[in-house]
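In the block that follows, a single chain appears as structure tokens, in the form predicted on its own.
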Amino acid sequence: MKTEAITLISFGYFEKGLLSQIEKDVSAEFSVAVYTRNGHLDLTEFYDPGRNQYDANRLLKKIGELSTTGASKTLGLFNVDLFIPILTYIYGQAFLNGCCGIASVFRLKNERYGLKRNDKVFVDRFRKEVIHELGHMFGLIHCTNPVCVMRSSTYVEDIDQKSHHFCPNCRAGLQYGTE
């Protein structure tokens, strides 16, 4: 079944205009309809007090339960600090060739690192992370091209160095399904 739409579900507060900008950017990059809606989820069950973070694996599973079926991809958007057991933190996570993923803005703002606020940099980082996680959902693995959006990012500086576009190899590898 051919992918017909991408749904971005906002779980929490995001600055005015941010989600509409991300929606436009995602639609342009994937050439499919993108919809944004608000979601409500009690995040306390995903909180790990020992780490003072939220369990990304459990959140991803929950988004999978909430996602629409059929030819749609669903990405949950959060403003909490995410972790998986083998990493100190992550920006997002998705099922490879799956229907769902998650991304968080928590570690994307300059202020988090003692730097001056820069909304342009923040939006650019978030755009890249959303497109990156959706890339996994469309069948892509991490890329070695330093400017490809599918390049793995350990630090925000890594995010800043890449583009929000797919390199030619990754673009060719996107799996939209069959008609």
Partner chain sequence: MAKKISILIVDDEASVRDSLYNWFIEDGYLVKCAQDAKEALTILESESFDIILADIKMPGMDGLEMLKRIKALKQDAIVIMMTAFATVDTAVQALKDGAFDYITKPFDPDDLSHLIRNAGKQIMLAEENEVLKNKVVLLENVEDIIGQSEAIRSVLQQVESVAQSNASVIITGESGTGKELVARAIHSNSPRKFFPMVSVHCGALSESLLESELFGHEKGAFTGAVYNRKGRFEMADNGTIFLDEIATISTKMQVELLRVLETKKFVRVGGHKEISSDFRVICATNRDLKTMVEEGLFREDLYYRLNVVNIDVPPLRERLEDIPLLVDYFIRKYCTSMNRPLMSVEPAALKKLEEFPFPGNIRELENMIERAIVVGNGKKITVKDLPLGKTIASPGFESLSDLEKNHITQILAKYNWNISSSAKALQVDRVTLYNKIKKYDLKQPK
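Numbering follows the first chain given and starts at 1. Keep in mind the model is a prediction, meaning the values are calculated, not measured.
Separately, the form predicted in complex with the partner chain exists; it is not shown, and the next lines address it.
The partner chain in the predicted complex is not approached by V105, whose heavy atoms all lie more than 4.5 angstroms from it. Not displayed here, the partner chain is approached by I141 to within 4.5 Å at the level of heavy atoms in the predicted complex.
Using a 4.5 angstroms limit between non-hydrogen atoms, R51 touches the partner chain in the predicted complex. Taking the partner from the other structure, the partner chain in the predicted complex has a heavy atom within 4.5 Å of a heavy atom of T88.
Note that among 21-29, 167-175, 7-15, 154-162, the stretch whose heavy atoms approach the partner chain to within 4.5 Å in the predicted complex is 154-162.
Shown here without its partner, the chain carries T36, K73 and C99, none of which come within 4.5 Å of the partner chain in the predicted complex through any heavy atom.
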